[in-house]
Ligand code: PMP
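One chain comes next, on its own, written out as structure tokens in the form predicted on its own.
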């Protein structure tokens, strides 16, 4: 049997996408002009789907730090953290993040995906149970699979449903219990009712891992995430996050106040058996964390831009995925063909957004997903709203003909 034959349906889907225009998976950005503008297919395009929340990718301090690291330490570490891959700068970044997060200890991973794999597999094992929000990111599901723990899903953002599943497990008996939530859910942009989940934690007892990938740097007075925003940081046992959003780099981290937390380094394969992040990546990430600490106005601008885009879309009559304003602004579209057509039309008009289709979306929904940046100007936000309006008006005109 041809092992690739099982993917034939993906070829059919790709061909349909190409008939409608471009293949979203292989859209090539010819040149980056700024955190919010690029050349795509020969034309200047507003970037509204990059997760570059703080717009920090061109910060002078970050770029200079990366250049110095290349000069001083070379291009790569060529080893894992437990072999030859731990440099003083890796420890410096962990200390900087621990200070920013107000946590006892931080472990840096090579990617955000590996941070979830490593943290989940390091915390839960074959005798344990992981309780997972049904809308969790793919990396969280994969971390659960690697851990070997029993997996129990509960309804999205539903503390009562979690409580029912925990109560049922109490009668059956089990090992440790790990509950995983996200600070901002990446597709719809909603966030959990954290206080209600903590009430369930106090009643039934479980360990809480909070993935702050899309909320780190964004929420809370100091940018520590949804737990800080809710005033419940002391109730969160472990945090996981990524560098590819607000930090504008690549990598991930786990953080905790647990006195045995550093043992994760010796217990998880995603940390032990991959090369450590390159010196330039670590240097730019460290500089970015310092930028976030020194410039709270970035968060103010991000909130302003997010509200402006959200309200602009509502005024257009678009079907919003979430009523709560966040940097993730997603729009429901009725079916896959219409979503692909609108995505192509937007790109041709000069704005790049994310095309989000099943099976990577909640409830098999079809979405046009925007991610707002603090670096977007008023003119950028206005253009995104205008072009969405143009595309919607064009569709309505064609439907009436």
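Positions refer to the first chain, counted from 1. Since the structure is predicted, the reported quantities are computational estimates derived from the model, not experimental observations.
Separately, the form predicted together with the ligand exists; it is not shown, and the next lines address it.
Asker: Where, among 262-270, 219-227, 314-322, 236-244, do residues come within 4.5 Å of the ligand in the model of the complex by heavy atom distance?
Answerer: One stretch meets the cut-off, namely 236-244.
Asker: Answer with one of 159, 112, 192, 85: the residue that has a non-hydrogen atom within 4.5 Å of the ligand in the model of the complex.
Answerer: Going through each option in turn, the one that passes is 112.
Asker: Considering 129, 274, 186, 281, which brings a non-hydrogen atom within 4.5 Å of the ligand in the model of the complex?
Answerer: Selected residue: 186.
Asker: Although the ligand is absent from this view, report whether residue 251 comes within 4.5 Å of it in the model of the complex, heavy atoms only.
Answerer: Contact with the ligand, yes.
Asker: Taking heavy atoms only, is residue 301 within 4.5 angstroms of the ligand in the model of the complex?
Answerer: Output for residue 301 is no: heavy atoms all beyond 4.5 Å of the ligand.
Asker: Residue-level contact is defined here as any heavy atom of the residue lying within 4.5 Å of the ligand in the model of the complex; does residue 213 satisfy this criterion?
Answerer: Close contact exists here: in the model of the complex, residue 213 approaches the ligand to within 4.5 Å, heavy atoms only.
Asker: Taking the shortest heavy atom distance, is residue 139 within 4.5 Å of the ligand in the model of the complex?
Answerer: Because a heavy atom of residue 139 falls inside 4.5 Å of the ligand in the model of the complex, the answer is yes.
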